[in-house]
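For reference, the chain that follows is the form predicted on its own, supplied as structure tokens.
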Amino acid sequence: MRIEEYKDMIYACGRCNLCHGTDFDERCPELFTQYWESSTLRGRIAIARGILEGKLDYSEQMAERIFGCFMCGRCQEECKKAADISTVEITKAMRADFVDRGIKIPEAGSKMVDTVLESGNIFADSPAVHAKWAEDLEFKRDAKTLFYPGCLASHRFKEKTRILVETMQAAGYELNFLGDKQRCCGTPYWITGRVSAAKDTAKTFVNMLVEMGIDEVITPCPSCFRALDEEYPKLLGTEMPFRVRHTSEILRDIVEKKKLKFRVSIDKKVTYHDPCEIGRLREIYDPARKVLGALPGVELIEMKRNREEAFCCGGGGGVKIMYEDHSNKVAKERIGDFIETNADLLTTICPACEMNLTHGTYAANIEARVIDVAELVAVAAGIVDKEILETDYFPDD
């Protein structure tokens, strides 16, 4: 069993309650949606220990506890003060054990994997549709820097992705693009325990980039960023032959190196949601805030839960696909934090967060604009019109 690799960590859990918190809605989004002891980290660790000792076995009845985790790392952050357990890795191992032992996982998770295997993306679109957002944009086919948008940015945020690329190009970045060759990074595989498919994807992707001579990959998706920068090296047992950067770092460089001039005042109160995958799981908190602080007319107001204590958007760990009601409930809770700030705009720098928080505004029955940090940069630089910031604006997707 894959959890045997984490046996020492599993037995290190002292059930200290840090991962649980003092209230159901304080820290853990899984506990917030399920309310069971087995829905907490310490509960899942107890299950893992029982399995290691032969007192329990994986079962379909256990699936919601294991696959209902958002993998947001909030419990892991608290556990740094105690046993420092790699909670996300243990959850991934438990999911892989499900698959290895032939136990049925949530049906929607299986369908997502099948969709990616068949079509190359999570939306079952053709390769041509996968690249449609990039029509009329000029890419350099011999450029050593690859722009890799990922599924959500390509299929659900076409206008925003175009704005991001136009902003980077205006700042002097020469970008390559895979076009019809682009496929999903593979994140759906390891969050559903399909390790073999994940390895195949990683190997194919890396070989393709090596043949292209790519030495840097830029992506707006934290899941894609971690896939290429963390998961691929683990799966393949080797360092990547290229550098991987998230767009938050690129936008920070544009600001710090004054690659764009900001002439348009935003004139908005803005709050920022920390994506779990570049926040807690990679400790990238400052780049987006430095960008927002450099834009004229932006007043940044922090939500009460921010940085390492930020509440999940509800879109992580495959829960959006497998347990949509749980996902929407968490998104609505996070929108409550936004409402308390009285900010005009809710901004983030993750397509999954942007989608789920937008769904959260519907659940909360409020009219609010959820926007990417790059869009604010583009407005300040005069690349796009200020109208995209308004609540009643609908992207031309």
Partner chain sequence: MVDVGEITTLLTDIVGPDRVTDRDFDLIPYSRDLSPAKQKLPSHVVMPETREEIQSILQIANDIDVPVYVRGGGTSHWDAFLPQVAGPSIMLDLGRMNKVLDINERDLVVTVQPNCTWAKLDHALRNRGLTYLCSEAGGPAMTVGGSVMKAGGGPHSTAKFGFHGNQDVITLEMVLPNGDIVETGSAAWPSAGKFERQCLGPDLAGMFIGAEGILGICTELTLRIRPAVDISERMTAILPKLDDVIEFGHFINRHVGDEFLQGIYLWVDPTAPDVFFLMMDIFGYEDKIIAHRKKLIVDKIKELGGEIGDRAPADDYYGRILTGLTDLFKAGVWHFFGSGSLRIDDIPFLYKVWKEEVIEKRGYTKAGFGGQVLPRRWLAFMVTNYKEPEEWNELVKMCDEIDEIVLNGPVVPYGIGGRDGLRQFVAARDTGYYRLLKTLKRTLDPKNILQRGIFIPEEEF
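Numbering follows the first chain given and starts at 1. Quantities reported herein were computed from a predicted structural model and do not represent experimental measurements.
In what follows, reference is made to the form predicted in complex with the partner chain, a form of this protein that is not presented.
Figure note: of the listed segments 332-340, 348-356, 28-36, 362-370, the one touching the partner chain in the model of the complex, with heavy atoms no more than 4.5 Å away, is 28-36.
The partner is absent here, but in the model of the complex a heavy atom of A83, alone among A134, A197, A83, V255, sits within 4.5 Å of the partner chain. Shown alone here, R15 lies within 4.5 Å of the partner chain in the model of the complex, counting heavy atoms only.
Contact annotation: D23 falls within 4.5 Å of the partner chain in the model of the complex, judged by heavy atom distances. Interface residue remark: D229 is not counted as part of the site for the partner chain in the model of the complex, having no heavy atom within 4.5 Å.
Not displayed here, the partner chain is approached by E78 to within 4.5 Å at the level of heavy atoms in the model of the complex.
Residues are counted as partner-facing when one of their heavy atoms sits within 4.5 Å of the partner chain in the model of the complex; in 39-60 these are R42, G43, A46, I47, R49, G50, K55, L56, S59, in sequence order.
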